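Only one chain is included here, represented as structure tokens and corresponding to the form predicted on its own.
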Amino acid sequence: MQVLKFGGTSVNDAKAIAQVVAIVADQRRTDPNVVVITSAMRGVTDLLIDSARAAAAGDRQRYRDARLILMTRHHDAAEALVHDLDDLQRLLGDVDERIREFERLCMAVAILGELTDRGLAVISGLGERLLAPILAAALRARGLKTEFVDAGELIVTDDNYASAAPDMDATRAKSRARLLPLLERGAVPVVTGFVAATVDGVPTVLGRGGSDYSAGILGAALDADEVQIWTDVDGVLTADPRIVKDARPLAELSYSEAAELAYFGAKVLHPKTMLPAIDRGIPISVRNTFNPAFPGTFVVAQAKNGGTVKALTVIRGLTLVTVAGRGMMGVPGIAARTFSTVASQDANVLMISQASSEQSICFIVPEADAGHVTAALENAFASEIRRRLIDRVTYERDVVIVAVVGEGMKGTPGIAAKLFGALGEHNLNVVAVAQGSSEANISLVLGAADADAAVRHIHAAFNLGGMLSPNSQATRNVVE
């Protein structure tokens, strides 16, 4: 069984959807059991969310304008792909009803002047619910038996509406009961990505980019042989091709390597996608909808060629916060108090580095959190600052994390020397360093102005480039 997930660029318009239909038809020649999961058209989820937020702020024109955009894009795709008039009329009627639902929901938000997480989950999930029936109809027009399935019938989550967590046991039971009979009848289920529901049927979503996560969840629930993530690049690349011209697709990554890259900003895979697959040992492949002959990147439990750098990625828009003072040495509880204070501010800590002398702790947070995190720390340590045990909490804006990823680097001599040598040779200053115990990642903090140069020089030092396949579009496409 194959689970195929198609991203927003892959279903952006009629031409792209026709390419998806061709891929699904081709896959069914080798495996009759194919489940398709689709994102919304590219940009639609952002349009829905922006419209809802504007409505909450009293701007009703935004969702009225969005209604026309949604209707035009989805009608154009349906009319180009579906030629049976009865099927087309039913489809357009369903599309129009979904768009009217969007307008009614935004009107209610405008009247209340408030957008709750529950309301946002319903509105932001409408893009997938608009697109999936069109894709199912396009597959029928190709002669395939299909059925549209709303993932709210399959994926059971908690009530954290805007970023829900799945109940895998309940999801497994519901997914198998709903989808396996369809597959046995020779149908292709076309399932909405991103969306889900609580045990009581209240709509939820899996967080931004959650369609990949949907594929991992359903692949695990169905014991799939493979989960395929179809996007608009030839796989996971050694670096961002907008920074490094000779970035190339990787043939294989381990789950941990792919998870590190996803966490540190590589947008080809959602960070949570691997979690359900790991439990069942299901391989994940990343493929290019517009270059389907290219094999892409396989993500497996244990990749070959360990012990070396495989890829680089960058997270921007960060701030380095430092808590330092000679009075911190040997004092228990400083780190605990530091990070409990940060947690109280709902700030995400992306990296931590501590000196062995215990005189300082530094960590990275998104730039938007820097001000209130620093103020909270100064308040928490006010007594220690007065007694000069701790200097004032400081922060440095406009820094980046460059993540250097490759399983087993820690046990391989010469990696660090080559890494820091490449930076030192070009006078690039490293502000802080951290290495995870997984041995799959070395994280470097640099000034934002040095980020691109650092990536290029590290990429060259480890010879990650080389000739691209003549069919590869890695340097011509931008990640979804």
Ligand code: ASP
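In this text, all values refer to a predicted model and were calculated from it rather than measured experimentally. Note that residue numbering follows the sequence shown and begins at 1.
A second form of this protein, the form predicted together with the named molecule, is not displayed here; the remarks below concern that form.
Mapping the unseen interface onto this chain, K245 falls outside it, with no heavy atom inside 4.5 Å of the named molecule in the model of the complex. Using a 4.5 angstroms limit between non-hydrogen atoms, G210 touches the named molecule in the model of the complex.
Looking at A55, you'd find every heavy atom of it more than 4.5 angstroms from the named molecule in the model of the complex. Using a 4.5 angstroms limit between non-hydrogen atoms, A40 touches the named molecule in the model of the complex.
Partner contacts here mean any heavy atom within 4.5 Å of the named molecule in the model of the complex, and among 202-210, 155-163, 69-77, 378-386 they occur only in 202-210. Along 122-157, a single residue, E128, places a heavy atom within 4.5 Å of the named molecule in the model of the complex.
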